[in-house]
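Just one chain follows, in the form predicted on its own, and it is written as structure tokens.
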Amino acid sequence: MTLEFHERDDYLSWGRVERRPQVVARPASRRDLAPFAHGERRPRLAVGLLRSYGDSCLATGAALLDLTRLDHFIAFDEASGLLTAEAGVSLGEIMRAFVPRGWFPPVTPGTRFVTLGGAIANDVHGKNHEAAGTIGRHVASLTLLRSDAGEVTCSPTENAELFAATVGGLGLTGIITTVTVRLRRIQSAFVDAEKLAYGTLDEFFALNAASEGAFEHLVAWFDCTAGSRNLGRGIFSRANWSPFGALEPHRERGLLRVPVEFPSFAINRLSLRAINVAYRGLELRGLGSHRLHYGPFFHPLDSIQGWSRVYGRAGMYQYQCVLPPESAADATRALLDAISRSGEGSFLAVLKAFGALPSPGLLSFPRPGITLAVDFANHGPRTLALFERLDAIVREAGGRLYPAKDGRISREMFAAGYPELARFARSVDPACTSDFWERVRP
């Protein structure tokens, strides 16, 4: 079958800032990809459900290969939990199929609408980083289709250099076609969770330190509009898988939907403060211990389809950085102070700690320290000027930014944060590219 390519204007990243037409094909099977291993030199980028926020999932002037139809399970070993599946299967589909059998993905980010290939290409992390690390640590092997070598099997021991480049490699080392990943056993579909209020950054660090080792899942929401004595105040959540409850998968029916893009003026200094105060008040009423289904605990925003439309037609950015332990406290305080003074931000603001387990990818984002993530409506030059101020703090602290969330990092900032960049570049498939790579490549 010959792949058909069409120009599309509805292929946008999750942030919806860049609105450039993309040339797209949707292969129906792995056989349709054969030409890309046998002489087809058209620049290409494999993509999934487009949940990257910036331009790492766009390839203007090249070809996007939408792999979401390559979504079949191939094999599963009930004894070891090893699942082999095509790269286009989503984490949500894995959950729906395997939660009733007592298995769950080893790592899940804040959305289940991520393909397995996309999760590997971004080496995603979750609330359990201290205990489990990134998803790449649980990949036994993967198959990669390269323009210069055909199909290649990669693992931590076979073609190990290419494996290290592919995990977290943003789809630039070839087309991931299949993945073998180790799922984790669960006794129920529920977590025993606890919410605690804290008033200062020092209290956050103390709560996190006291919770490490005793709880698998740790994360905090903070009020990004609060300053002065309330700087960093928020709600700390911690949880473990519960031994009690049914093995019920999540439901996809009945989800709310944001049907249109909100007016661009909807997110402003006054509305931000009001939303954060209201959200904090709602969270305060839910303090204490609760047994929750994994859906609302891990993926609360998945219940609202298209939620990024609330930021308006100009779109939104997410600024996510990681700060090493030795500078994390002071740098986090400086970042939060700059954000609160700016009047920018949203009610989606997260703090959590990364543990010591090493990430397997050359461009993997997580490293030991504190990660901060805040969504920002795109208000043009003033938003970008704030990011420059935040960049200076992160660079001075020895931190780095997350490519999956980025849409504007400079080449210099990227190189400073990823010391293995030159080594990674040697493994890039000569026929693969993206708008992000064209912007930051050495």
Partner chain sequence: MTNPRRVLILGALSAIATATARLLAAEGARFVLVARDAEALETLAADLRARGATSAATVAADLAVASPEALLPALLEPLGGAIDAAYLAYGVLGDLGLAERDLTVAAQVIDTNYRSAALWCLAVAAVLERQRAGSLVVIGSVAGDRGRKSNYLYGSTKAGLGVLVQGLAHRLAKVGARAVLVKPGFVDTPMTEHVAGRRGPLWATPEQVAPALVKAASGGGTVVYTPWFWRPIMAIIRAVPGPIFHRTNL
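These numbers come from a predicted model, not from an experiment. Numbering follows the first chain given and starts at 1.
Beyond the structure shown, there is the form predicted together with the partner chain, which is absent from this document and is the topic of what follows.
In terms of contact with the partner chain in the model of the complex, the residue from Arg411, Arg42, Arg69, Arg395 that brings a heavy atom within 4.5 Å is Arg69. Proximity to the partner chain in the model of the complex, taken as a non-hydrogen atom within 4.5 angstroms, holds for one residue of Glu130, Asp302, Glu203, Glu93, which is Glu93.
Three-residue candidate spot His6, Tyr11 and Arg31; every residue lies within 4.5 angstroms of the partner chain in the model of the complex by at least one non-hydrogen atom. When contacts are judged by a 4.5 Å heavy atom cut-off, Arg333 does not count as touching the partner chain in the model of the complex. When contacts are judged by a 4.5 Å heavy atom cut-off, Glu86 counts as touching the partner chain in the model of the complex.
Taking the partner from elsewhere, Lys405 is found to have every heavy atom lying beyond 4.5 Å of the partner chain in the model of the complex. Within 4.5 Å of some heavy atom of the partner chain in the model of the complex lies at least one heavy atom of Arg26.
Heavy atoms within 4.5 Å of the partner chain in the model of the complex map, among the stretches 146-154, 313-321, 278-286, 71-79, onto 71-79 alone. Looking at 87-107, the residues that come within 4.5 Å of the partner chain in the model of the complex, counting any heavy atom, are Glu93, Ala97, Phe98, Arg101.
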